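Heads up, the chain below is alone and in the form predicted on its own; it's given as structure tokens.
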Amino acid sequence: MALSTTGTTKVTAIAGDGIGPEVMEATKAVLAAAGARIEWEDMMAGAEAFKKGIQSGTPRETIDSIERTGLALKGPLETPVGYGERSANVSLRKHFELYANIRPVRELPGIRTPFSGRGIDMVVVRENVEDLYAGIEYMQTPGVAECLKLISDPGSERILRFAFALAQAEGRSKLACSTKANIMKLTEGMMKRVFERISGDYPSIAPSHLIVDNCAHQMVIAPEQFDVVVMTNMNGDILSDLAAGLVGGLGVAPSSNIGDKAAMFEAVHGSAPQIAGKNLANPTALLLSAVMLLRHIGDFAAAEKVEQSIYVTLTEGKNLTGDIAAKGTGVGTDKYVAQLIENLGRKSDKPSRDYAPISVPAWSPEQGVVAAKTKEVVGVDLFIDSALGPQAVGDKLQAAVQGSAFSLLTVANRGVQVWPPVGGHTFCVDHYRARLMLAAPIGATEGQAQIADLLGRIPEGMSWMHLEKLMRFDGKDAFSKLAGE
């Protein structure tokens, strides 16, 4: 997205809930004073939409506006108790496939934290639409819940290439990919393998990989070591908030959500209803998000002007809102905004980074498919609901599948083998996974009759609720191994 040929850029403005309207008006005022030529389309989402019965929390008019503008600046949104099932934030990210969540984490002058003076200046890049946040959950038994963790090769490559392109655009020299690939070798391992496959395409960026728990540890021990960190969705959600805490917390933390067709910029803090309408709100996070918006559309001059005004104002410490002011010196939102406007055009001792446009090509639908020359089924994992003990489950299943195309290899409970017994003291619940293997591989679409026959053999006292085919792609097993295999 670039500045329009008419000199103005249309942006959808979603003020949001609680303090949202106040911080949005403050942001608009500062941007206008800085000479940013933006034409706003004011739209609604969040609590008001839920209360009108809009299950997504986002009215059609708001969706249509973002479709037109391709850009949105958004305040905090609520999901009131008793209304809706999914947040409007998630709905917007999903609808527009805003796959890249960008969270700059830079030490701010005048904001004192235990990490002040360390030179923290990193960007956390989070994959934004896959992983556990696909929201695919089931109660498999009355006491056991399942959430599917979906990580794709194209989704991983897309976010990784975006992270490398962002590093190049900001003149950064290092990129760390952080995963839990040591435990989740297929899902988290997917991102690690793609990272290793493509990192050589960016010779100016030094790549590294960290296990995510070590990454959290390192962010606290030595946060200044990081430049760009890229992660899967849930890991990125958690560690981006941790990183924000290093430099002052969510009240001053900006973010953006980028896709091929649209981009949304938002403060990540809450709606703070307890101070709404009291002229106490701090608009810094939304202002810094608007700075990201300005850079996204190519208005680097206005972006630096606003950012430097924030730095000057924070450094001098005059007329700051109560959450960031010295004790007893806080002022209202209006006076803080007036101070920011007064400081436009001044330069602080903390320079803005050099920025260039991020160059990432749009992905075509064809790139969403990873082809395999051969696809074979070698067995099934059958998930069973049963109150029977593990020995009874294993013995009865083994007897039931005799004469079928399958043989019972093992039975596990919450990932631990319980049949054949191997000792130990496993606490069993009513959720078993039986691994049944074929004598020889069959075609991916073949064997439906054998599987149907297998399901018809489930003995009394147990029922199946879920089945996974154990696949082999291009001669390689495509499923996690059992303990000891």
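Every value quoted in this text rests on a predicted model; they were computed, and no experiment measured them. Numbers for residues come from their place in the sequence shown, where the first is 1.
Here the subject shifts to the form predicted in complex with nicotinamide-adenine-dinucleotide (NAD), a form of this protein not shown in this document.
- Out of the listed residues 282, 179, 313, 187, 282 is the one that sits within 4.5 Å of nicotinamide-adenine-dinucleotide (NAD) in the predicted complex by at least one heavy atom.
- The partner is absent here; in the predicted complex, the one residue of 376, 307, 131, 266 having a heavy atom within 4.5 Å of nicotinamide-adenine-dinucleotide (NAD) is 266.
- Picking from 385-393, 94-102, 350-358, 69-77 the stretch near nicotinamide-adenine-dinucleotide (NAD) in the predicted complex, with a 4.5 Å limit on heavy atoms, gives 69-77.
- Interface membership of residue 120, defined by any non-hydrogen atom within 4.5 Å of nicotinamide-adenine-dinucleotide (NAD) in the predicted complex, is ruled out.
- Although the partner is absent here, residue 270 sits close enough that one of its heavy atoms falls within 4.5 Å of nicotinamide-adenine-dinucleotide (NAD) in the predicted complex.
- The closest non-hydrogen atom of residue 107 lies beyond 4.5 Å of nicotinamide-adenine-dinucleotide (NAD) in the predicted complex.
- Taking the partner from the other structure, nicotinamide-adenine-dinucleotide (NAD) in the predicted complex has no heavy atom within 4.5 Å of any heavy atom of residue 237.
- Residues from 310-327 that approach nicotinamide-adenine-dinucleotide (NAD) in the predicted complex with a non-hydrogen atom within 4.5 Å are limited to 323.
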